[in-house]
Ligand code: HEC
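Take a look at this single chain in structure tokens; it is the form predicted alone.
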Amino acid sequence: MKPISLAWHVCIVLLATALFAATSAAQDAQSAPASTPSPAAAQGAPEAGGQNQRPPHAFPAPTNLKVLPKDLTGAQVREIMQGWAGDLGVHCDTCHAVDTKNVGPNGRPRMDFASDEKDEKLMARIMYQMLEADKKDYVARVAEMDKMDEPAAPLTCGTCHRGHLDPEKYTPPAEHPPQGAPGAMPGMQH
């Protein structure tokens, strides 16, 4: 039996890669939702860059905004919500109710973002108001007095939550007792 040359190995690998890529592209095209063409594409004009590209995802206009500015776009609200979710280590369904009567193309119920059904959403509004008041009333005042070269880190939900829905209790390390605590000053007796 003759050994297969290196060139044949390369050809086989390239052929398999091309076949895999073509199969994946066909599967992606079948599973991708139909997109609405942009006004330029609908009129037969090419997209920016001379190619017909899928338009960016359009997020519906937000409704029932009670503490966030009412002039935010759907994309802006989504960006804010993604930040909050990351800061708290949660997903949309932590604060938003599921609408079992509104099933998406994937067979799962969609979220009812306007619903005030969940207490977590109401608490998030309170926490947002507290955060904004702290930034305005306290952080801004301290920043005016701060003589340090570097500005302080911004105050966000993650400042306290650190990726947890409920902030974890802080316990100072034993090797660094807080000022004024017994043993904090050298030479003091316990």
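Position 1 is the first residue in the sequence shown; the rest follow in order. Predicted model, so just to flag it, every value in this text is computed and none were measured.
The form predicted in complex with heme C exists for this protein as well; it is not shown, and the discussion that follows is about that form.
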Even though the partner isn't displayed, in the predicted bound form is V90 close enough to heme C, meaning a heavy atom within 4.5 Å? yes
I'd like to know whether V98 contacts heme C in the predicted bound form, with contact meaning heavy atoms within 4.5 angstroms. no
Does E175 reach heme C in the predicted bound form, with heavy atoms at most 4.5 Å apart? no
Is A114 a contact residue for heme C in the predicted bound form, using a 4.5 Å heavy atom cut-off? yes
Taking only heavy atoms into account, state which residues of 67-83 are within 4.5 Å of heme C in the predicted bound form, ordered by sequence. V67, L68, V77, R78, M81, Q82
